[in-house]
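Here we start with a single chain on its own, the form predicted on its own, put down as structure tokens.
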């Protein structure tokens, strides 16, 4: 039974880790295109989930559409973050843009706390039930979350590698000056990148709310930390690396919780990050910077 419980923890962690992959992809997209960190990304993702739930209730729509509403709300928050924290601030001052996103993170956090009085809000669980394979069980809600996350990742990969927008995004990421000479508008590409990443964040926030059964302002800080950990472990700027790292962190987190308990879980996740920084500083699929 101990082996079954351990296997159960790994499976649940892998399924839930797909949400960490989406959060990591959001950080990676912005860093890959603009070479800057958007610290407000996870906060905007949670805010998108809140806004999606509010829109759902106001329109009287079925709970299944909460993910679509959160996706749209997240896209709006992503674009708003770009306008306030990057478009209005000179990009030649990297510390200014970084601190502006930290300020946006705190602002979103305070707004969510104020509007909800700091209390958790019930979030609809789109799909429940269990799939039994003998003594091994798979949660229906986690399988649904994993499926939606995989579909979102597949759509993103198609957008990046099979469309003109994806071509422009990769060109701006690699050679921004040459991209401008070819007629590409950096501001437009950057705004679309933030919009797409925000949409993914809204999906991730809604999936996390659906898995947990509620949304809370307390989710913002751990999701920000986990998103940065996934980004670093996967390799800065590597979307496939972020996908793999998200699944790895999700599985490792659940195993640590099973072995050492929930109070020590995050400690060992941080140690996992430390191991990668020491032995693989470039991340799983990132370029190894080497050592002097």
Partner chain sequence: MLQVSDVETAYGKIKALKGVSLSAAKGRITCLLGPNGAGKTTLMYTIAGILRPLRGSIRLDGQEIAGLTSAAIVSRGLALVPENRLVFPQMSVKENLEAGAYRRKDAAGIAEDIARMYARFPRLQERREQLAGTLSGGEQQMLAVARALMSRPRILLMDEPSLGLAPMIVEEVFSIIKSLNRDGVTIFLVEQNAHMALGVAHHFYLMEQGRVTFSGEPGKLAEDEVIQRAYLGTRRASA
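Treat the numbers as computed from the prediction; the structure is a model and nothing was measured. Numbering follows the first chain given and starts at 1.
We do not show the form predicted in complex with the partner chain, though everything after this point is about it.
The candidate stretches are 204-212, 157-165, 70-78, 120-128, and the one lying within 4.5 Å of the partner chain in the predicted bound form by heavy atoms is 157-165. Contact annotation: of the candidates 98, 191, 184, 137, the single residue with a non-hydrogen atom within 4.5 angstroms of the partner chain in the predicted bound form is 184. A heavy atom within 4.5 Å of the partner chain in the predicted bound form is found for one listed residue only; from 143, 113, 91, 171, this is 171. Proximity of residue 153 to the partner chain in the predicted bound form falls outside the 4.5 Å heavy atom cutoff. Contact check for residue 132: no non-hydrogen atom falls within 4.5 Å of the partner chain in the predicted bound form.
Taking non-hydrogen atoms only, residue 220 never approaches the partner chain to within 4.5 angstroms in the predicted bound form.
Mapping the unseen interface onto this chain, residue 175 counts among the residues with a heavy atom inside 4.5 Å of the partner chain in the predicted bound form.
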